[in-house]
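Next up: just one chain, as structure tokens, the form predicted alone.
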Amino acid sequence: MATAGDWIDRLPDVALERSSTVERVADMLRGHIIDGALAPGTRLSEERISRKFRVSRNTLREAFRLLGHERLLVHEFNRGVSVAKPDADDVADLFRFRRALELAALRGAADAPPGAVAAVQEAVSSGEAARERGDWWGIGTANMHFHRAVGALLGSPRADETMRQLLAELRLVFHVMAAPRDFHAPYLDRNREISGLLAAGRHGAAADALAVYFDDAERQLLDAFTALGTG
């Protein structure tokens, strides 16, 4: 598990404009969650992060509150702020919502904006490149990009924003898997299958394949939580 110091040191040195400071800080932290750099339970240092981003602690606290509303961070009295720890109920709810959004996006992909289908294919290729490198967490990140690209088929800024929040929560869930290679790698070929069906205009078949994919992934994750005694 990465320590707070490890991931903070990897953050870019940036000076943020006041008009968008809170949103940009929240977006960068959310992005680190999606990329897997922040594991559930990681404690966040106000002092170090505010110094790294060159923002006030009050600004950082506003960003923390924003991510708290998204269920990505939690504040514990006398213990500070840490990354949330999803449970089995969160898994079930996340997949319930994913089915509603992503399956609809595939079924309606005939009306997708220009470049949206190509973005799905690019995410698949990125995952396959990570597999060639043996970068199993990189595969997980590419998988996040794949599903984000699927959601983007809707052509809705609101759906895009919702997907980014949802995928950040989902990445926290993935930390329950003790062997990321065994979990993520088999889904690469299924991503390629779905991408191929989408490119061929077989939108219903792509949605049906993703529905089975969701059933299998949800079952694996719930089994993992049960094995930990948190299901």
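Small disclaimer: the values here were computed from a predicted structure and weren't measured. Residue numbers run from 1 along the displayed sequence. Here the rigid core means the biggest group of C-alpha atoms that line up within 1.5 Å when the two forms are laid on top of each other.
Just so you know, the form predicted together with the DNA exists too; it's not on screen, but the next bit is about it.
Residues of just one listed stretch (105-113, 156-164, 70-78, 88-96) have heavy atoms within 4.5 Å of the DNA in the predicted complex: 70-78. Checked against the DNA in the predicted complex, the residues Arg181, Arg61, Arg190, His32 give one hit for a heavy atom within 4.5 Å, which is Arg61. Among Ala26, Leu198, Val173, Val55, the residue placing a heavy atom within 4.5 Å of the DNA in the predicted complex is Val55. Within this chain, Val22 lines the site of the DNA in the predicted complex, having a heavy atom no more than 4.5 Å away.
Remark: Leu44 counts among the residues lining the DNA in the predicted complex, judged by a heavy atom distance of 4.5 Å or less. Once the rigid core is used as the reference frame, the Cα position of Leu44 differs between the shown form and the other one by 2 Å or more. Taking 2 Å as the criterion, Gly80 counts as shifted between the shown form and the other one: its C-alpha moves by at least this amount when the rigid core is aligned.
For Leu210, a C-alpha deviation below 2 angstroms is recorded between the shown form and the other one after rigid-core alignment.
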